[in-house]
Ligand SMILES: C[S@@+](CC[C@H](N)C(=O)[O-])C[C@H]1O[C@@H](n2cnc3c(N)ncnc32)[C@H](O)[C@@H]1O
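This document starts with one chain, in the form predicted alone, laid out as structure tokens.
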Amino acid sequence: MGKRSMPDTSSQAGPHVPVLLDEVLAAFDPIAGKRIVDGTFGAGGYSRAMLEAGATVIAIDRDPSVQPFADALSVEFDDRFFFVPGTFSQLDSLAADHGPIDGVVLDIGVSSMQLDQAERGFSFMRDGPLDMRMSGSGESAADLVNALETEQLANLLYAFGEERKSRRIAQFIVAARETKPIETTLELARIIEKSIGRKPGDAHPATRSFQALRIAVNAEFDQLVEALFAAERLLDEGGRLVVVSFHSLEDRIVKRFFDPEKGGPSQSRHMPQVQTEARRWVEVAKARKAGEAELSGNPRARSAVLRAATRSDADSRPVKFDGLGVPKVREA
């Protein structure tokens, strides 16, 4: 048997260019000698950079297709890289055998690698099965599109995609599937474009609907909330949590998690002041976005927002969705 071919996972040649990489490394500075959990391994861009900077990395991912990239880093950094298959919502239990942990980084959302693989069904730019399952199992986007009633589908597109024309899109989808099931990405994209039209210079009309379906298929908001609280349980005082999100709905959850008072009711100065909870996160950094230099080489970084904070000595909280602004699909 010949030598096994390993994919090139270097940051220059890998299939996914990690966004805000310099800012992520700076958030853990000094990083050499630290033990960091990369909760969304993907093609390993963050993991490689942190390993090259001298950190030990425990990488987690639920996507089976990332295994070759994990294998490559295991060969190169065999004593400082550990890959654990699983969902980042369970990162505290998955990393339990590798503690104590100094930091956690999460890159939320779909990767370029997944978008570029037509057979995964994430992109309306490539024809493929309407799938969108990151784990490769469970309910697919086609299952939702072909089964939900008009109002259920409209409510989902509105809640998870902020699609203001969700009702018209849902009506066109339901009408189209009466002829045949909707099975491919381009079929769905064309139905959406036909329903609401397309203006020159605007984003593709299917952008918000595809985002909504992907979030629903992968329970992304539930996973994000669970992961944030898992990181809170995992990290001791002084540990750093760094989160990169890609749209306003995700960023709102992260912002309110770090600072619960952002999501609570305002207090009148004329009323008795309500005692606030002990802060679990301190040194909350201002949101960071990609600069012109990064955007010129990686346009997909344009919507990325990085937030980071340091764990305090207060006990971790039970998982709680209230107050985080997690979108809910209204019942039909």
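Just count from 1 along the sequence shown to find any residue number. These numbers come from a predicted model, not from an experiment.
This next part talks about the form predicted together with the named molecule, which is not shown.
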Taking the pose of the named molecule in the predicted complex and superimposing the surrounding C-alphas onto this chain, would you call the site open or blocked (blocked if 3 or more ligand atoms come within 2.4 Å of backbone or C-beta atoms)?
open
Tell me, out of A95, L241, L156, M134, which residue has a non-hydrogen atom within 4.5 angstroms of the named molecule in the predicted complex.
M134
Quick check on this chain: which one of K289, R279, R300, R35 has a heavy atom within 4.5 Å of the named molecule in the predicted complex?
R300
When the contact criterion is heavy atoms within 4.5 Å, does Q114 count as touching the named molecule in the predicted complex?
yes
Contact of R62 with the named molecule in the predicted complex (heavy atom, 4.5 Å):
yes
Using 4.5 Å between non-hydrogen atoms, is F88 touching the named molecule in the predicted complex?
yes
With the partner left out here, check for me: in the predicted complex, does some heavy atom of Q223 sit within 4.5 Å of the named molecule?
yes
If contact means any heavy atom within 4.5 Å, which of 279-287, 302-310, 43-51, 25-33 contacts the named molecule in the predicted complex?
43-51
